[in-house]
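Here's a solo chain for you in C-alpha cells, the form predicted alone.
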C-alpha cells in the first residue's frame, strides 16, 4: 500500500511539473509575441543604442589613442558591449512595465483565479525578457559587423555574448518585475527608467575606467553595470579567456539571484494581499 501511494504521489508530482512547465512556456511565448505585435515597444530599445554607437564612434574615434585606453582596432569594437547592455536595459524596463500592465488591467488576477502556476507567471515573463535580450545581442553584433567591427572571440565568443545578454535581461528584468509586483503601476516602473539611464552613464559603457578619475571613477568602480559590460567587452576586444567568460556569465548570474529573490518576495506579498 505504501509503495502504491508513493508511486501515485511521484506520478502526480511529475504531472504537476509538466503542467507548470507548459504554462511557463505559454507565458513566455505570450511575452515575446506581445513585443512582436507592438513594434512601438521594440523600436526604442533597438534604435537608440545604435544611435549612441554611431554618435560615439564618430565623436570619440581618436580616443583609442589615449594613454590607458584598451588596445582596440576601433572605437566601435569598444562600444559594442555598451550598445548591447544599453538595449537590454531598455528592453528590461519594458518587460517590467508589461507585467504591471497585466496587474492594472486585471489579467494577472485572472491568472491567480485559474489553476495556473504562480511561479510560472513570473518565470514566463523573465524567460520572455531573456529571449529578447539574447536576440538584441545577436542583432547588434551582426548588424555592426559590416561597419568594421570585429569580435576577437569569434563565433563561440558571439554565442557566449548572446547567453550573457539573455542572463543580463533576466537580471535587470527581475528588478523591474519586483517593482511591478510591488506597485502594480506601469507608470511607477517607467519612472525607474531615468535611474537606469543614469546608472548606464555612470558606468564604463562609453569610456574605460582606466581613463577615469575622481568621483566618476569611484562610482563606475562600484556600479554593477560596469562589470556587466566589461565581461562582454573583453570577449569582443581581447578574445576568449577564462576570466572574460567568467565575468560575462557569472556577474549577471550573481545579480540575477538577487533580483529574482526580490521578485519572488514581491510576488508572494501580492498573492497574500489578494
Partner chain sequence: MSTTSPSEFAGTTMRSASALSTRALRNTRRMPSTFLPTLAMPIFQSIAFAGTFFAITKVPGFPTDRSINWYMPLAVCMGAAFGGVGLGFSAIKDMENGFFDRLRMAPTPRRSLIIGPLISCYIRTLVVVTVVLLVSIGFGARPTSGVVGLAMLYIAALGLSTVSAGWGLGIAFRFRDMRGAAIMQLTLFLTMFLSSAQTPLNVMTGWLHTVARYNPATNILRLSRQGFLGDVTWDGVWGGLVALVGLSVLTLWFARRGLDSLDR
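Predicted, not measured: the structure shown is a model, and the values here were computed from it. Positions refer to the first chain, counted from 1.
Missing here is the form predicted in complex with its partner chain; even so, the following discussion is about that form.
Its partner chain is not shown here, but in the model of the complex it comes within 4.5 Å of a heavy atom of residue 62.
With a 4.5 Å cutoff on heavy atoms, residue 246 does not count as touching its partner chain in the model of the complex; it lies far away. When its partner chain is considered in the model of the complex, residue 198 lines it closely, a heavy atom lying within 4.5 Å. The closest non-hydrogen atom of residue 222 lies beyond 4.5 Å of its partner chain in the model of the complex. Only one of the listed residues (41, 26, 54, 46) places a non-hydrogen atom within 4.5 angstroms of its partner chain in the model of the complex, and that residue is 54. The candidate spot formed by 36, 131 and 140 lies out of contact with its partner chain in the model of the complex, as no residue has a heavy atom within 4.5 Å of it. Annotated contact segment (heavy atom within 4.5 Å of its partner chain in the model of the complex): 190-198, selected among 111-119, 148-156, 176-184, 190-198. Shown here without its partner chain, the chain has 197, 198, 201, 202, 206, 207, 211, 212, 213 in 175-214 lying with a heavy atom within 4.5 Å of that partner in the model of the complex.
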